[in-house]
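Below you will find one chain, with nothing else, as structure tokens; this is the form predicted alone, and questions on how it binds or moves follow later.
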Amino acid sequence: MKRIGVFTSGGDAPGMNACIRAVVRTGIHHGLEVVGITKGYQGILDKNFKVMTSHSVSGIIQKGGTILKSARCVEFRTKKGRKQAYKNLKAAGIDGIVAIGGDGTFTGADVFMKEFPDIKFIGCPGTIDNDLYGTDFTIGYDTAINTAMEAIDKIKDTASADARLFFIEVMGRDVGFIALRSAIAAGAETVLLPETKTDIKQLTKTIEAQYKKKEGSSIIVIVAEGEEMGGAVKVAKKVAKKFTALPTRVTILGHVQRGGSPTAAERVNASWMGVEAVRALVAGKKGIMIGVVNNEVVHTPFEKAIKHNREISPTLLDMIEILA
């Protein structure tokens, strides 16, 4: 193996740049030429290839987003598109690729390798949702929950000035990991997740009990966007009817959670994964995602990382009720 590629795909996540930096410099350390592929799978089809040097990734570790950009690629989902991608990679002399992304990225890589097994793919889990099996934390998750926590803290400041009921929506279309941890970290009264059934009557009782206990203080409810009723706006409308004396407000944090400078833990985690991804390619491995579990590097086959859903911790769910 003489030349490898690196790209980011799917939703951007803080820490992707740290991972890119690690891939490039580790590749150079092993005597490889590293090619940056702009806009993921679309970049392969468009031949957006650029040889990267150590200087190319200087000063990016602290930046959010991704210098290699990201894009959807409908054409790559077709056999014809993948065949063209293969021709482009072979023409560019690229023998292996480090793909930084989520389940869609790894699904594409898995299908591609079954058709063209001589191109090796290694994955680094880049998604703020933390929904991939085979790692304790995905790239972007730690920064996202810290961003959400800081925003909730600020809302609590203004909420404390006058008794209000705040519903704060965080990202999490299919999973509630951001909602759960940010709710605990920010001291919210309760949290609504895609993994649990929303009982409006029970939610109303919880809010009422907390309101009485706090003698008229503000109440904070964290809602994952994928919550079964449709998010914070719809939940708030149903609950507001029961609390006419308590002003109800809704805040949707949205894409602010994707941005910002990655945390120290994020930078270390992403760098570690990038280094190990290149080492795996050099060792001749392919079709695996690099993860860190219990502070140890773990290799998980793409199919397993995609199909095995991570479960919400019942211990953390209990903590919300106990600590509130």
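These numbers were taken from a predicted model, which means no experiment stands behind them. So that there is no doubt, residue numbering starts at 1 and follows the sequence shown.
Only in words, not in the display: the form predicted in complex with a small molecule, which the text now covers.
Exactly one of the stretches 69-77, 223-231, 152-160, 246-254 approaches the small molecule in the predicted complex with heavy atoms within 4.5 Å, and it is 69-77. The small molecule is not drawn, but in the predicted complex it has a heavy atom within 4.5 Å of T107. Residue contact with the small molecule in the predicted complex: G134 places no heavy atom within 4.5 Å of it.
Taking the partner from the other structure, the small molecule in the predicted complex has a heavy atom within 4.5 Å of a heavy atom of T127.
A residue is said to contact a partner when one of its heavy atoms sits within 4.5 Å of a partner heavy atom; D142 fails this definition for the small molecule in the predicted complex, lying far away.
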